[in-house]
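First come two forms of one protein chain, each written alone as structure tokens, so that there is a structure 1 and a structure 2.
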Structure 1
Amino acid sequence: MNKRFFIAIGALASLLVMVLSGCGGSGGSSGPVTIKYWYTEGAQEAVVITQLISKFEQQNPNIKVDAQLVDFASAHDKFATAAQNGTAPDVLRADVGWNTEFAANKYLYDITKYVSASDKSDYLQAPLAYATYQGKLYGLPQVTDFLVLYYNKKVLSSAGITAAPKTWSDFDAANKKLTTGGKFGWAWEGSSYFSQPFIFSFGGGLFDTSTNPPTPIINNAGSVAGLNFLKQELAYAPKIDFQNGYTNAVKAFQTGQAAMLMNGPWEYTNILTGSAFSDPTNLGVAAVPMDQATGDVARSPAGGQNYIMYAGTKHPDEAYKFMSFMSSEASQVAIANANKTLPTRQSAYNDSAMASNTAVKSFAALLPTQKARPVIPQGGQIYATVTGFDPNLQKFLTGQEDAQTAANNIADGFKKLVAGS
């Protein structure tokens, strides 16, 4: 062999070392890729989440998850600030109301290419609507929720009421029978969010999203009729302290002071700790009543949480793999059984592991009443003080404004919201 041969071999070896040392991109070849995940569940709810993360890491040894608990109340602003600074986590568990806002601000990664048609069709319609912006997917639904009518079976039965009210006429009749001797037919939370079933059921709404910009319809005839009916029925509920309305309403129902309550699945376990439900079978779950004129329309505002990916992630494939695992049928079933939350996949409700989950089965039967709130970039701010929704609702309920005036004022606030004012 001549000298030129050895020179060529040496050059080739040097080149190979350079190539190998440069392989692996941002993740490198010497170790697993690490993705950062912010989760927002409470301490008790987080137990199953951390268990699922460990399972994911076992199944995917080349992906490590740096999971950090972030307080839900501060998560929105914290993520927005981090996205602006280029330091956001790869994946966030986000309220559904934030999805379109973050997508419109270009904080989110478009995951449309990752999601198969069959996978997409397995998600419930309302949760999937929140994850969609301008025809593209920017999130995977994790859990969903909506308002139901909780009722005290024994109290209703003692008053000669054999079933939960199906219509508002039934609801009114039941309230009149149940309100006596310091007891009330129902308790109400006293906020704009909880006024929506009345607005929706009478044919009203918040926005017409088919127009650009969206047109407020909070002041149409149906919305006003719903608000007037709500005020009428408050004669059969404890007086509302607007500062503590939510807590007081739940307590009134737990203790038997009120026979009915409109609230969500998230409150189910807590309600059962009340003295009125020492026997868990005494707690009834039914659909929010409907207006006889409009019929059985979707009327219960849908909420929930999505998994979303930061637009600036360096590891989109790994981040999506983690999102997909956490939003899978098996993971949703595990979370539902541990936390009594509602899955967003249709297949999860048919999973054999859910057979004994009577709470989730009760809510599942009522999913057709679920109505997505307006899917607009400003969706997360609909109930903020800036719109005047709560202040004007309170003025109406306390007699300072009539329903039409209050609704018109809220509509003006909505117009300013979508106009960016």
Structure 2
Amino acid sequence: MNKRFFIAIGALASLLVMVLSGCGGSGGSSGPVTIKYWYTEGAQEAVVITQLISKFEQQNPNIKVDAQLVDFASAHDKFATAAQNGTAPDVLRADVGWNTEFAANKYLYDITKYVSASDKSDYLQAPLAYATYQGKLYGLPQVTDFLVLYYNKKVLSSAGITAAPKTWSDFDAANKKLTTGGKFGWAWEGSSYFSQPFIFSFGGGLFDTSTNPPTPIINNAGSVAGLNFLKQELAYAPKIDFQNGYTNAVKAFQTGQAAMLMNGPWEYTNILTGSAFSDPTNLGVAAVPMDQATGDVARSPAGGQNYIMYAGTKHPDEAYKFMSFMSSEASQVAIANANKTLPTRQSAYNDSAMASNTAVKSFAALLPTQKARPVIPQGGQIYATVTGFDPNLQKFLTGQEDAQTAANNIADGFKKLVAGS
């Protein structure tokens, strides 16, 4: 052994120490408490969120918010991973479907004690239900959403269609007229979530939650009829690229290639950036069409986002302070005005600052078409590939399976899902 060797080893060791301490050195010191927050909004939607966060930090100089963007698609499993390891964010913006799942897995902090009765009663009932598990409150609703029928007013009227289609037969007729010369009647996003309006409007559904465990009804007659109708109408939509279906559909509508689109309030501001809507009044918003026979049932899948708190948080008080700030009336109004999404507080709808927000008003008018989602622990995974929902839907749409077979397969997947195996 010689000197040079020991110097080399010493240098190596000190390097390692430096490198490793770089990741372990944060936290622990006194002074302002840092709250880690994961948000899942898209770039445009997130602008108002970051504004609100800096406002919060101004009001609470002792609390710092380490806000990080996590893509919506991977947020679910990233949170699950981090939750098991103790590195999860103190607060997460979670899809309503995940709330019950995370609560059931004991990842979430029970915030019941923080929320006063009056505050609780200000929230809309449906969104609040998603935040409740076994009678306890595990989240604060941020936004609620559902699908509406967007349409291109100019294109429809020039085809002689005076009003947005109210029923599926109107929709079909409109599609037939609109699909000419490289243009399409509508565009479809190509994923399970967006097949729900069809399933629901013909009397179908995902689960019957009155039984325990919940029984899949995705393969009942109504659901199958909906799926068949969906496939029939796809003749009037651009070909679907399943990997990029969502963007492609939105883009087709934005550029006027497709005249109609079923999507949520969250996409409203983005749609207006499209070339077909340089005049914002050209964008029409209507309810998802209904099946004449089934009637005006709740048929648009309810969605939304909640603020949830991690069970392993070291600063629950501060974290709650942040959550409640973000879901306060003022914040909800600010978000609604910026992103045209639907608040979850009664008071927010009545706020004077909302008066000029016609978009939200027109969405709010359609709230009755919203169909509640099954509140089950596995809710977060209904649309994941694990259930076979998307895979079988794709098989059906590409002609590998008929609707009934696909629906039966999905039902089997649902059964396994709720059985937890």
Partner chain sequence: MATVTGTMMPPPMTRVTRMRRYLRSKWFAYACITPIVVATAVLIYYPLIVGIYYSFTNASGTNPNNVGIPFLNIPSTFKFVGLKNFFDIFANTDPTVDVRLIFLQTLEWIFFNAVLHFSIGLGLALLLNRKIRFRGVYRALLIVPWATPQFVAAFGWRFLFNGDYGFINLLLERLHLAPIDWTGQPSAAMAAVIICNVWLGIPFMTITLLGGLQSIPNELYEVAELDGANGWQRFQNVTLPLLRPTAVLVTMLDVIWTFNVFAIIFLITGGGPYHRSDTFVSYAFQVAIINQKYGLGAAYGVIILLILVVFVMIYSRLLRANEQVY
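When a residue number appears, read it as a position in the sequence of structure 1, where counting begins at 1. Keep in mind the model is a prediction, meaning the values are calculated, not measured. The term rigid core refers to the maximal set of C-alpha atoms that superpose within 1.5 Å between the two forms.
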Chain form predicted alone, by structure number: 1
Rigid core superposition, Gln394 Cα moves 2 angstroms or more between the two structures: no
C-alpha of Lys120 off by 2 Å or more between the two structures on rigid core: yes
Interdomain rotation between the two structures (smaller rigid part versus larger, whole °): 18
Value in Å for the CA shift of Gln58 between the two structures, taken after the core is superposed: 8.2
